[in-house]
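Alright, here's a single protein chain in two forms, structure 1 and structure 2, each given by itself as structure tokens.
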Structure 1
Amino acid sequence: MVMTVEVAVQEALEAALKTFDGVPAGFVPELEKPRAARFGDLSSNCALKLARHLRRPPLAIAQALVAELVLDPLLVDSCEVVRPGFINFRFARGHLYQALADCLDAGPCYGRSTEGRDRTVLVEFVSANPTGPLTVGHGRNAVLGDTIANMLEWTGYTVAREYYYNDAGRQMRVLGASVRARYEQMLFQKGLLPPGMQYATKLLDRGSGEEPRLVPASFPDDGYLGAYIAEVALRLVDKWGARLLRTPDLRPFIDEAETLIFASIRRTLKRLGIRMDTFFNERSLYDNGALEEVLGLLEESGYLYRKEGATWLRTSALDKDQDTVLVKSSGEPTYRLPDIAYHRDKVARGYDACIDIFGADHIATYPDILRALRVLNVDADRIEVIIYQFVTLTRAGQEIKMSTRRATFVTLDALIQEVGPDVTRFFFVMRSAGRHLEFDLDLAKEASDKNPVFYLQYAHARICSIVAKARGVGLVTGSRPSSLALLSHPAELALIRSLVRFPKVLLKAAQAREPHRLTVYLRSVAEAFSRFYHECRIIKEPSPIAGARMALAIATRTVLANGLSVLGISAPERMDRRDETP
């Protein structure tokens, strides 16, 4: 495996460094992939880094270092010193063939590692409250969280996916009241209102660019305008007729809405191949006394005080410019308090790491949670927060405006419907989370080489097609040939080097929690394959070469398929040709 050469080179460097005076304690030489192929396979900048400490020119240090290096010629072919002081290593060919053979042997497991063995991670993501369908913004959250979870599983962690939600509180009351108002409207329209009941409407004008809407008089001013509310109301009319009008209780309306909306959320997630292990209801923290307990502990810590009927956390003493309300004067907790209790619960459940996927709007709130946890002596270092920036949808170069309140938001379902789950998943992770994501619908829908998803899938499908053809002419495509050493064309070697990087790329991406690294890498694999494919014939070559090239193609298929699998994207065996007719 490639990892073993790296380890060997690393150890050789460390051993050689021991013969030098003045190397700082704890100095570890680093190895990286050089920027350009002509610099070899592996590079160390340690001579540059040591120049200051040793007070010698980096070039001289590098040369002296190389003179002391003892390297296995079966692994490393050459190492050279290059200005301004890099040491560049080139793998031995035999090592590349061995690494390729490892890939063929491992097949669908190629890329898996045991880095996270015996360690558990909880990834909390989506966590949208059941007040409406998932939006495009939730989509980025969902795909980021699921892909990070996949990467961690591939690197050996035991992963749990959790969805945290809240079905109590003001938001849900507004939802219930919205449903109730539509329920009345529905009864009126069907002529089912009991005799003597009045039905009135009002014009709802919430300003800020919203069109005024005609709604039932009982509709809350900040109610939910989406069409799904009417669907819930319709269900209630079918189930109960006008009987729910007798009770002022919103619970039946909330419950029905929650049931239907959650069903739709689960359906949407399923379309993206996402399955949660647990749904954690915030209400349980009220029921089991966790909130009281947290309040009590904070009280003991002395960071709690009361002012104007509300309960405050003295965050101004915890590196923040102001204090934070935990319980409103109404007696109702703000979201901070259950969030604190929830995170305390998560850490107490014993996970080695708890990863939260949050939108940019949480940027100011999560530090409060960490502050409180530290006061509570909870190991807050186990909590890792990934903040992603918002998504902009564009069509024909124009931004599509989204607003939840106006119900003009684009639902995640609509997006999946339009571009398909594979493209949806890929686009959401192809940029680093910390950047705004522009989702170009025109590009996403295009089934051509412009679309990076199709480019990857096409390469995979093409290899499948070649394999089928090779079987047809009697070429053995099963076991790995002993003739891999026949692969010596530059395009072949470049492809092998690319393939063999997969385990490390995946590991690094997992450690950094950055799925986009994988998308960049897979693109480069597909490119290397295309080059190879155009320069080297496979099937019509003499048998030993054909066999070796076949094996190389199969290894490429393995890396593409495994990489796409980590991304949760299908690797089709065939793709329909583009329709050429205008």
Structure 2
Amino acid sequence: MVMTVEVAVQEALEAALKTFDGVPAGFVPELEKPRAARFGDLSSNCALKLARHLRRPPLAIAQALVAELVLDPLLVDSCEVVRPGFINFRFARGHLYQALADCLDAGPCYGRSTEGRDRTVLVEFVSANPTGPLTVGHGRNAVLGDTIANMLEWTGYTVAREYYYNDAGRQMRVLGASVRARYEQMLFQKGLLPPGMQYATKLLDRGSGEEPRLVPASFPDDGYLGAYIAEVALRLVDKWGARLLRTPDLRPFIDEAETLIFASIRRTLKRLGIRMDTFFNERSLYDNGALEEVLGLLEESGYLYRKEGATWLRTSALDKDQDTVLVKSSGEPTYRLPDIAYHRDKVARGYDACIDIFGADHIATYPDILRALRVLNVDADRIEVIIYQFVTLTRAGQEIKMSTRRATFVTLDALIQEVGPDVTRFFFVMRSAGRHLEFDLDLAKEASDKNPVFYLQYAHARICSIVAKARGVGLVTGSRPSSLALLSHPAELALIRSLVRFPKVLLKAAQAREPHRLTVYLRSVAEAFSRFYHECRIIKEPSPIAGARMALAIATRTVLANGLSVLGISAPERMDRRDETP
């Protein structure tokens, strides 16, 4: 495997550095892929990093280091020093052929590793309260979380996916009041209001460019206006008639809304191939006394005090400019208190790591949770927070304003309906989570090489077509040829070099929690295959070289299929485009 040669080079560098005086204790030379193929397969900048410690020019350090290196010629063909002090290594061809053979032998398992063996990870993502359908913003959260979970599973971790939600509190009361108001409206429209009961309306004007709306007089000013509210109300009318008007309790309205909305959320996630292992209800933290226990422990620690009827966490003593309210003067907890209790519960469950996927609006608030956990002597280092930036939809170069009133792709379902689940998933992870994502709907729907999803899937389908045609002329494709050393064309070697990087790329992407690294890599594989495809014939060549090239094509198919699988994207065997003659 590729990791073998990297380990060998790493050990050789470390051994050579022991002959130098002044190298800092614990210094580890780093290896990375050079930016250009002409610089080889691996590169180290350790000479540049050691220059200030050794008080010598980086170029002189690199040259002296290379003179001390002992490298296995079966793994490394050559190494050279490049200004201002990089050391570049080029793999031996025998190693490349063996790595290609490993890919062919592993097949669907190629890329899997045991890095995370015996380690457990809880990934919490989506976590939208059941107050409405999932939005485009929730979509980026969902795909990021699920893809990170996939990458961790491929690298040996035992992963659990969790959805945290709250079906109590103010948001849910507003939801229930919104449904009740629409329920009354439905009864009025159907002539089912009890005798003597009046039905009144009001004009709701929220500003922000929205047109005023005529709503039931009982509709809350900050109520939910989506069409799904009317759907819930209609079900209640069909189920109960006017009987729910006899009670002021909002619970029947909340429960019906939660049931229907969660069913919708589950359907949407299923369309994206996302499954949750557990759903954790915030309300359970109220019911089992976890909030009171957290408050008691924080008070014992001396970091809790009361002021003007509210309960405060003394975060000003914990590297924050000001203190933080945990319980309002009304007696209602802010979201931070149940979040502290929830994360305390997660760590107590024994996971080696707990990963949270949060939107950018949490960037200034989640540190409060970690501060409180440290006060509680909870191992907050087990918690990782990934912050993603928001999504902008564009068409014809123009931003589409997110508006419930205009119903322009506010829901994730609408986006999936427009571009399909594969494109939706790919586009949500093709940029770093820390970057704002511009989701180009025109590009997403284009069936050409400009569309990155189409480009990868078509490369896979093209190889499937080649395999089928090869079988049709009797070319054996089910086993590796006896010698891959026939693959010596520059395009063949470049493709091999690209393919054998897959295990490392996947491992690094999993370690960094950065799925976009995999999307960039798969594009490079497809590009390398395209060059190989146009420069190296397969079927019409003599049998030995045709067999070797066929094996290379199959290995490429394996890497594309495995990489797309990690991303949760299909690898079709046929697509609506005419294949060229291989």
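When a residue number appears, read it as a position in the sequence of structure 1, where counting begins at 1. Just so you know, these numbers come straight off a predicted model, no measurement behind them. The term rigid core refers to the maximal set of C-alpha atoms that superpose within 1.5 Å between the two forms.
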**Prompt:** Of these two, which one is the form predicted in complex with the RNA?
**Reply:** 1
**Prompt:** Any CA movement of 2 Å or more for V520 between structure 1 and structure 2, core superposed?
**Reply:** no
**Prompt:** After fitting the rigid core, is the C-alpha of A548 off by 2 Å or more between structure 1 and structure 2?
**Reply:** no
**R557 C-alpha shift between structure 1 and structure 2 of 2 Å or more, rigid core reference** = no
**Message:** Fitting the two forms on their rigid core, what distance in Å separates the Cα positions of D21 between structure 1 and structure 2?
**Reply:** 2.6
